[in-house]
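Heads up, the chain below is alone and in the form predicted alone; it's given as structure tokens.
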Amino acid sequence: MTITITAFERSPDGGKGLARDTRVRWALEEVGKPYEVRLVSFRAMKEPAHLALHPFGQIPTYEEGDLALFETGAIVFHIGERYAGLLPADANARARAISWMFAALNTVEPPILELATAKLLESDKHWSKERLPLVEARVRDRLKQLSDRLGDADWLDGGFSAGDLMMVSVLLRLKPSGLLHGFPNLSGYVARGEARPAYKRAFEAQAAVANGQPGAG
């Protein structure tokens, strides 16, 4: 069965690998599954055909036979469950990897997204200068906790897993801010994720779309 994902027709990240389809591309590259990409315009994202796949009118979506999924966490989890390479065979290790997936999306990413909102959408507000340091402090608190847990390990729990894929994807959003510089082990952790051949292929595929080239993986 052909796997088809959706991505922005014109990615707002300009090919920096931050659009969420990159996470799904990376997961598929890690498990060695070819896929096709259907590019969707911002207008089409709000039309009935796409809303039938994603009720909130976002990307990516994932189609495989009669299965249609939305939300990157659910999609990556499904890929890890169906194909070898992202979730450990040992039941306990598998459960811990899934916990790290949830931690990336529910605990670490929210303050990072809040920081992006504060910088991009709220910088013209009269209260922005007072609010921004508070938001940055919340991000640093999470980074300190994650840094302490990672220590000098290469990955969060033994070998690379879907938990690392999601966590690295989330942390990549912080690169422009410079906040990772205060945590050398996290900077190294992100660099190891970026160095994986599967990530490089996913990044290049997403960047090709931003540059007006075909988006198939």
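Note that the structure is predicted; figures quoted are calculated from it, not measured. Numbers follow the displayed sequence, beginning with 1.
One more form of this protein should be noted, the form predicted in complex with another copy of the chain, which is absent from this view; the next part is about it.
A residue is said to contact a partner when one of its heavy atoms sits within 4.5 Å of a partner heavy atom; Ile112 fails this definition for another copy of the chain in the predicted bound form, lying far away. Although the partner is absent here, Glu136 sits far enough away that none of its heavy atoms falls within 4.5 Å of another copy of the chain in the predicted bound form. At a distance threshold of 4.5 angstroms between non-hydrogen atoms, Gly73 is in contact with another copy of the chain in the predicted bound form. When another copy of the chain is considered in the predicted bound form, Pro55 lines it closely, a heavy atom lying within 4.5 Å.
Comment: 60 to 68 is the region of 188 to 196, 175 to 183, 24 to 32, 60 to 68 lying near another copy of the chain in the predicted bound form, near meaning a non-hydrogen atom within 4.5 Å. With respect to another copy of the chain in the predicted bound form, the three residues Thr2, Arg38 and Tyr83 uniformly fall beyond 4.5 angstroms at the level of their nearest heavy atom.
Contact annotation for 86 to 111: residues with any non-hydrogen atom within 4.5 angstroms of another copy of the chain in the predicted bound form are Asn92, Arg94, Ala95, Arg96, Ile98, Ser99, Trp100, Met101, Phe102, Ala103, Leu105, Asn106, Thr107, Val108, Glu109, Pro110, listed in sequence order.
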